[in-house]
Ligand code: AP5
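Below you'll find only one chain, the form predicted alone, shown as structure tokens.
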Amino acid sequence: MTGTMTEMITILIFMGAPGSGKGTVAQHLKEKYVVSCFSTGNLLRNEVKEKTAIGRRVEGIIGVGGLVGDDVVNGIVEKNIEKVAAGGKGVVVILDGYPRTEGQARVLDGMKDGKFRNSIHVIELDVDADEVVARISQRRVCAKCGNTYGAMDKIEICSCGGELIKRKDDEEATVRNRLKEYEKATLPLSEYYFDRIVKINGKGTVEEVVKRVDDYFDGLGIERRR
């Protein structure tokens, strides 16, 4: 294998409030393009499901919509990025739900002695708070693989065959708390990434939003699935 790990990777960060459509759009793009998609929420919930030491540590925090400590999240993200980056040239990683804070963003920029920084592109989905709450109240996730489906996804069973369920942390009170956390800790990332961010209107149907993101992906030259 030629070239270094950092020369072989493109990192795409999806930003936006909970319910802005990050997970749904990322899933559509994962099916259309040759990419690896990491949802930190799914990674953490998997730790809880498997009753690991990390899972026991974060279960209560996730249940009330709080933010898990940076040390835990940073470690999980770095481990998974390194795993896929070792696979060969042209690897594209979509990060859904990370970074959430400027501190996490600085850690990501500093991975591999800062060589990841120039590989990072940021997409922010812009949706207002009232629409976010309405969307999340109708959101379902696959109990088997963790894929997320919104109200506009007219299906009853996940593509993997898993049952679609409503998460406990999607109740309105929890959602409101998560929005406050987002505004306080994550929204300032727009300023941090001022030189690398593209804002995309997140309103409309899944197809409309995906098309907007699609146009941006084409500009980056990301490989489509055959």
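These numbers were taken from a predicted model, which means no experiment stands behind them. Residue numbers run from 1 along the displayed sequence.
Same protein, other form: the form predicted in complex with the ligand, not shown, and the subject of what follows.
Student: Any chance 41, 44 and 73 all have a heavy atom within 4.5 Å of the ligand in the predicted complex?
Tutor: Result yes, every residue of the spot touches the ligand.
Student: Counting any heavy atom within 4.5 Å as contact, can you tell me which stretch out of 30-38, 49-57, 191-199, 161-169 lines the ligand in the predicted complex?
Tutor: Looking at the other structure, the answer is 161-169.
Student: Are any of the heavy atoms in residue 100 no more than 4.5 Å from a heavy atom of the ligand in the predicted complex?
Tutor: Looking in the predicted complex, residue contacts with the ligand include residue 100, since a heavy atom lies within 4.5 Å.
Student: Contact with the ligand in the predicted complex for residue 213, defined as at least one heavy atom pair within 4.5 Å: yes or no?
Tutor: Judged by the heavy-atom cut-off of 4.5 Å, residue 213 is well away from the ligand in the predicted complex.
Student: May I ask you to check whether residue 149 falls inside a 4.5 Å heavy atom distance of the ligand in the predicted complex?
Tutor: So residue 149 counts as contacting the ligand.
Student: Applying a 4.5 Å heavy atom distance criterion, does residue 122 contact the ligand in the predicted complex?
Tutor: Residue 122 lies outside the contact set for the ligand.
Student: At 4.5 Å, heavy atom to heavy atom, what parts of 20-34 sit next to the ligand in the predicted complex? List them in sequence order, or say none.
Tutor: Heavy-atom contacts to the ligand in the predicted complex: 20, 21, 22, 23, 24.
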